[in-house]
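Here you get one chain, nothing else, as structure tokens; it is the form predicted alone.
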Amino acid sequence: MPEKPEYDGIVIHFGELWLKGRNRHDFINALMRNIRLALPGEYADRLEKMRDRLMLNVRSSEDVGACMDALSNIFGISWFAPFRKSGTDMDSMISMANSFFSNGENVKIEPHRSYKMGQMTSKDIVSNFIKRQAELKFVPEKLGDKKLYIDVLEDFCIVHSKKRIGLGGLPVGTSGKAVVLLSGGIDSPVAAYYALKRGLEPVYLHFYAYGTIEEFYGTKMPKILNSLLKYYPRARVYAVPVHLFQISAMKEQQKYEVVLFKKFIYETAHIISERENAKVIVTGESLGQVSSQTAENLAATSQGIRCLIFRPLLGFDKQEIITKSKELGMYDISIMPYKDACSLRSRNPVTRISPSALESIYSRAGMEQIPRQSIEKASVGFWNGKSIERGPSQ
């Protein structure tokens, strides 16, 4: 017979999803779909729903680590923990509890009765552990350094001691699609993270200044995309060349280059949002951080965009964004050298322009058709970790 695994599975709890009403099950089903996408292949069919929790059955304790790592990147999970099953009687609970701790450790017992019809209350369980202390390897204490969790179900108990806090938020996809503007800088990957956390399915839009898409693949951008892919592995990407914009922008004074480019970005994103049935555009803008992000310029460059624009970082200062980028493990990638199309360097960029003035300059430079023409030259498809797999839109 094969050796019995140390753990029987991983229990997964979701918090905010229980605030939903009649569509609660849609959110839970979306969470299960995303978990299956992220799990090692053989475990996709081992996930099951049990009332107010999900359970993932494992074959061996060695597989627990890989599954826990995958779950740590899934939005919509409140917490999760590897567990072992015991019977609902005290003898089984005590025997199983002893397998979690070494001799002499101080442990707080935290029982929870999901099945309320059993004979013992939570207080009864704690009292019995104290009364039968002589049978324990550890010392049951109210203020114990470690904790033992016992969740009593109808037919068995879930016993665990190592809770891991999840990312929280909403499952990706439950808030619809969003065109996420992704540059080669620090801000936009952090904004993308927050967009995914609120359930938006990303369609990443990047503007590149290289001559070919193959040159783009040799830059840091694949690393940035891969750092986001772990949160949702089925993201579509539009890699749009900027040379048509650059040719048109040469017709105007350099001080307008930044706002013209920002308007070009928004117009391109708007067209893609209609193609992809996305209701939202997400940007990494922070109010007042650079010349294109003054209130006046934000209003002027986004004039005429008929979908929501989300700016998750609007109130962040630069150091706060850097801190979050480091926390997410994206900072070292983001500061790698890159020929960023967004890094325009006009000496005296205009900081306040009216929508009508910008519209006039945009038209005068002949840019009305440039977004569509640029999209026609774009590489579009799902990101496979190394390149864009060309294919039709979902």
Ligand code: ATP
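Residue positions are given as counts along the sequence shown, with the first one as 1. Computed from a predicted structure; not experimentally measured.
One more form of this protein, predicted together with the ligand, exists but is not displayed; see below.
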query: One stretch from 258 to 266, 194 to 202, 162 to 170, 105 to 113 that, in the predicted complex, holds residues within 4.5 Å of the ligand by heavy atom; finding: 258 to 266
query: Among the candidates Ser302, Asn128, Thr88, Gln293, the residue which, in the predicted complex, approaches the ligand to within 4.5 Å (heavy atoms); finding: Gln293
query: Sole residue of Ile309, Ile158, Ile186, Leu71 within 4.5 Å of the ligand in the predicted complex, by heavy atom; finding: Ile186
query: Any non-hydrogen atom of Ile361 within 4.5 angstroms of the ligand in the predicted complex; finding: no
query: Exercise: Gly284 in contact with the ligand in the predicted complex, heavy atom 4.5 Å; finding: yes
query: Ala341, heavy atom within 4.5 angstroms of the ligand in the predicted complex; finding: yes
query: Exercise: Lys318 in contact with the ligand in the predicted complex, heavy atom 4.5 Å; finding: yes
